[in-house]
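Both blocks below hold the same protein chain, though in two forms, and each is given as structure tokens: structure 1 and structure 2.
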Structure 1
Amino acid sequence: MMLNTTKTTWTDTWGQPLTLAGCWQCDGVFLLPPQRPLTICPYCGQESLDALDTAVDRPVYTQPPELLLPFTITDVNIQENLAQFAKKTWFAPADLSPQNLLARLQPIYLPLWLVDANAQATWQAEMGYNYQVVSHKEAFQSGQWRTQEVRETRIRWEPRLGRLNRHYDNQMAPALEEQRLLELALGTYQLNGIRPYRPDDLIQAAAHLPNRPPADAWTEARESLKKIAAEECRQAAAADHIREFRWTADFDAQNWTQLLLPLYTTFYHDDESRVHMVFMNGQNGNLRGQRRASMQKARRWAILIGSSAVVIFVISLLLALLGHFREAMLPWAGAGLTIALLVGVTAVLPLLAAWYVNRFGHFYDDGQQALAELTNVAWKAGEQPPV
């Protein structure tokens, strides 16, 4: 009789000979495809992705997903989005090109929890009902006083209470600590087109393992259920508004499903060779990247503009000297000196523009701000993030 001595691990349940790897910088834990080994972290871009021992370094949650949302954005749209990002970055570093971004593009699946639950609850709230108030005011028009009717919408608040017994399906809950920041940066995924997970889904793509197990994610799931219940109670009361919703709820028959969401990541290097990540929603193509301007390129432009000002200034001086012999040259010399001054002042603008992009650019873009926060989350305490 032959004995089966093949060593099996929990990764075998995923249906592929996947490699477990971790990033010491962002603490991400990944399952990597056998056909596409990675030497850098596909999530934060740091060159610190190390192989882990599946027997010793067991992650928070290791079960394979049940469902998957496939990549649906076309190759043409991917190329267009990357080209637009590179084109719209002021004084982009030399490494920031559509070709580099495309060559470094990495598909990765992010986990998300879907929870089903029964809820039995007692609730109370204030329901608001719109009503119209009609009044009149006098206005002087065309030489005479006229009466105008004014309609104002007001809200009448009434207390309500009741009981609720409902079943809820597929309520989303975060499987990653930074889920909220990802949604702010890239938008929410539409849960249409979901299909069962297949092992060949990870032939080319990496999978980020959850860092929040279901028990930890239940707090957010419960808040989502509360919001849905409040809206259902408002509709049941035929109210226009609701406030101060409170409930005492019991839950049972909870069922947790892991769903994988599609994400593309890529990166570029700035003048100091620091990595800056670019994320693209694999469903709708929404793209967010850390925009960094090249001070080296800005300085070159400043030198070019300044040199032009010097040339114009020298020519103007020569015209002024010739003006001693031909007075017709003096107006041209004066105009040239004025132009040289104006051009010389503008030489500082490239430096100011690059400094502004690097220092303040993300403050005026909610998606950029969320991405900056996400970057800070990815860097451990005590380390300086590349902002």
Structure 2
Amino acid sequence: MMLNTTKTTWTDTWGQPLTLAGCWQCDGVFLLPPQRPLTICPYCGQESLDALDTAVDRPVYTQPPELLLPFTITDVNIQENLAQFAKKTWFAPADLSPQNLLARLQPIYLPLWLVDANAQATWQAEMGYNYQVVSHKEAFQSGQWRTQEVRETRIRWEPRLGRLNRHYDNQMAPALEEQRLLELALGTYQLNGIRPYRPDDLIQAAAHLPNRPPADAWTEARESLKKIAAEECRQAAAADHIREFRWTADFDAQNWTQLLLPLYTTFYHDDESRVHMVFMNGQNGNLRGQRRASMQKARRWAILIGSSAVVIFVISLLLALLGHFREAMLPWAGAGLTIALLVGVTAVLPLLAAWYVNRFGHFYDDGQQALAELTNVAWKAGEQPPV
């Protein structure tokens, strides 16, 4: 083997000097701009990046991307979205500030497969055709019948079958295991802004390399092709509805290309200095962040309210004592005690609210749940780095 100072590797095909790095927290493999310090993982926000050897640690797929969806959200929008997020989190930890979020913002491209294929298939399905039936509503009043004709749409189901020979272009297939969760958390990307990849796209941003090879992603691609084929067959049969679609398909002329999708990541620390991720769709600015309340902050509020309750209580007690001498004071004392009690009870609310956010914030909606799953399951957040 020849010793070569200007070692050529597969990363050269990406057209730019890039560093291969891996994260032992989220198992992500990245190509990073060479001047970027190998500290914080652009995908999980942990300090767990290590340089990898391009010859030894070969990722599942190394070909450069063909297409890319550029970052299109403006700086102003980014700042607004981050500020909104920080503002709307109850009892936000001190670290969760728009400034921090902005300072830690990192652009990263996520991979997606686009597959072209020829399909030859036989198919069968039940096609539904709408038809209208006439019915009547009648009313009898003052000795007269009045009739109203009503039309109702019903569906007639008929069996159909056939053959299909179609070419499908640019069908999306997941290049990351967590693709479905990402889509739930960030919404879908609109592919009409797509353009060819240029090497200088990676001067600023990191690229997440696929962790699912095409062969693996093909099952999903097949499913989505089946859905498209079903819809096309429905159109072919001029039906209004379709159900029970089944096909036996052979595919050839498969062509896989990699598409890069833009994502911003940032993070903040909670009271216990744990990292919480905030993701922003780089195309439309859809923001999804883990919400974490600061128990410290909530406790401060609770103490504040609690102590005011104590103050009111003490004053009321004094009034009650005075009441021994002047009866007019007694109602005031009673009112004071009631208010003290009410305020005392509200003191629990900040604690409850913070606890609620930390305990149930993940279940707020599907997207929030997906994000929780992404950050907790997919990359084992909170695990201590191995010594």
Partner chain sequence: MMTFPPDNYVLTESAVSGIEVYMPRPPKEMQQEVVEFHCPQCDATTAYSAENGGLTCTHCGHYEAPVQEVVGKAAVEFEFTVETIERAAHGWGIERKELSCNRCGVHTTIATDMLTHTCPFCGSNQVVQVKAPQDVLRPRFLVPFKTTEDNCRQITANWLQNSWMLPKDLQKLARTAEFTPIYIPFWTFDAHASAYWRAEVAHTKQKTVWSGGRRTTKTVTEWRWESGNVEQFHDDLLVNGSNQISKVLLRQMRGYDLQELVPYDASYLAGMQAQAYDIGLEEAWELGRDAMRQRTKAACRTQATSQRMRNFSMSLDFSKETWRYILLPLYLATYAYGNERFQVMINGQSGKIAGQRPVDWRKVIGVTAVSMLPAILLGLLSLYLSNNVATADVGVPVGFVAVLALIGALVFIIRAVQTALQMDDA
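Each form is matched to the other, and the largest set of C-alpha atoms that superpose within 1.5 Å is called the rigid core. Just so you know, these numbers come straight off a predicted model, no measurement behind them. Each residue is numbered by where it sits in the sequence of structure 1, with counting from 1.
Tell me which of the two structures is the form predicted alone, please.
Structure 1 is the one predicted alone.
For Gln99, does the CA position differ by 2 Å or more between the two structures when the superposition is done on the rigid core?
The answer is no, as the C-alpha of Gln99 shifts between the two structures by less than 2 Å after core alignment.
Determine whether the C-alpha of Glu138 shifts by 2 Å or more between the two structures once the rigid core is superposed.
Yes; Glu138 is a residue whose C-alpha shifts (by 2 Å or more) between the two structures when the cores are overlaid.
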